[in-house]
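Read the single chain below, which is given as structure tokens and is the form predicted on its own.
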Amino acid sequence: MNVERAKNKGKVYLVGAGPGRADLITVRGAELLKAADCVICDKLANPALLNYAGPNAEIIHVPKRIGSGSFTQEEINNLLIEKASSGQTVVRLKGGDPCIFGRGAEEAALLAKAGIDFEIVPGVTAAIAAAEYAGIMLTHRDYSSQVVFITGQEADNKANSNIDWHLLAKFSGTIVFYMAMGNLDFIVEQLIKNGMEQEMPAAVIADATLPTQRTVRASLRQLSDKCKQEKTEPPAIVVIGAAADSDTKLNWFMKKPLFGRNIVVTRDRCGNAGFAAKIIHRGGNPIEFATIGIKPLTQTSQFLQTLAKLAEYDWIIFTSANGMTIFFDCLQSLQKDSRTFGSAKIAAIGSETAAKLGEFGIKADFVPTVFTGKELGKQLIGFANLQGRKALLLRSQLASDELGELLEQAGAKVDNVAIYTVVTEKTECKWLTEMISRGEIDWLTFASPSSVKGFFAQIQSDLVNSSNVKVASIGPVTSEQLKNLGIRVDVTAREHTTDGLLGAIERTHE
């Protein structure tokens, strides 16, 4: 490749995306994604990492070896030079670590030759993550004092192999092969032919760190056949040696309560993302299906007039985390802050809403022990003297009047102001219908009556009731909406939060 030294140079960051799970990227890597003008992204990098990128960042996917739409390494090199030469900040996002069988060394050499500034940001490499997420310790003072990483797929144009099979067959530590599934028969054959014991412990970890992770353990002799029986496919890591025979009790990740469960989340897109992160933390596989959209109403004359006299209220009551977020987004856009509240006390309907309030440096004066509008009203009446007090409800346009009526009965002067509304969002649903029909979905979750309506406007209730899928509800109001549509409810959360909802699901699998 003919490379001219760039005149208007930007900078390229060769960033390791980690082994699969999005939250295993380094802090430095996440920070650079936020600042990037252009992200050039490998197929093995988790797509969720692109959520870190700014709204104006150019995203270029450069998958290799997948036929139509794939990129050669030379084409990727040209992109790096082109984008950096135009003065852009470029993140080259590579699965695992950029320089462990990731061709990061070649890209760094190219950039150095072109006179383009670059930085290498290490990532958690797949071998370490895969082993530890499967409870396999690559080194241990009792059985392995050394470890070696080997590529299972050398360069196509290489005349002679650099792999010393005789040395590997006699190696007394742990051997880890990357990209080995396509050559697994050959690898096993070479090791045994060069003297390795046929009964040497071995393991293959596929989809490491993800809820779809699978582990195959077998003797070296049986490994390839067992992988074929279990239809194990790449991406996968092969571990050979005494380490592969580690105690299965150490397999902490695959013992998580929701591991491998396919759980559909049906909130708005932003709410789905937050809920999905909690499911991943518990080992589940979130499937996002947006059913509703959140539309702010903070430009209405009613809200703006209310905002101007906010300090006149004795109590300001937030009935959802959505409302809280929209309210503070509006304050920031108007260059206002929490001083707008004056001496008013603040009530939040539940712990999630109170936590969101805390993100803005404000502690809720009152949070009920049961997170419903009815309980908020009843408990607030017992907590404070509301006779003649002015209360402001900042809420959804679709919320019931029950809370306001309870407060008025206690003598409060109540203003109901809608700061957002919920609209039904249509999502392409054929794929989800087919997954439910095939029995591939374990749980449908619903966090509001609106999400129930939005979901069953697109998915037939008969399909759900006739399948093995289970239905989980965040609380009694949402459960009532499901029952009104003829949907059976398998669990209703005791604590009416997304954490409470997941806890209710977990208890069914104990």
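The numbering used is simple: start at 1 and walk along the sequence shown. All values reported here derive from a predicted model rather than from experimental measurement.
A second form of this protein, the form predicted together with ligand SAH, is not displayed here; the remarks below concern that form.
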G323 within 4.5 Å of ligand SAH in the predicted bound form, heavy atoms: no
Does at least one non-hydrogen atom of I192 fall within 4.5 angstroms of ligand SAH in the predicted bound form? no
Check whether S85 has any heavy atom within 4.5 Å of a heavy atom of ligand SAH in the predicted bound form, and answer yes or no. no
Is there a heavy atom of Y178 lying 4.5 Å or less from a heavy atom of ligand SAH in the predicted bound form? yes
Mind telling me which stretch in 220-228, 244-252, 122-130, 293-301 gets its heavy atoms within 4.5 Å of ligand SAH in the predicted bound form? 122-130
Using a 4.5 Å heavy atom cut-off, which residue among V477, A48, L44, I60 comes into contact with ligand SAH in the predicted bound form? L44
Of the residues G271, P211, G102, G373, which one places a heavy atom within 4.5 Å of ligand SAH in the predicted bound form? G102
Within 234-264, the residues that have a heavy atom no more than 4.5 Å from ligand SAH in the predicted bound form: P235, A236, I237
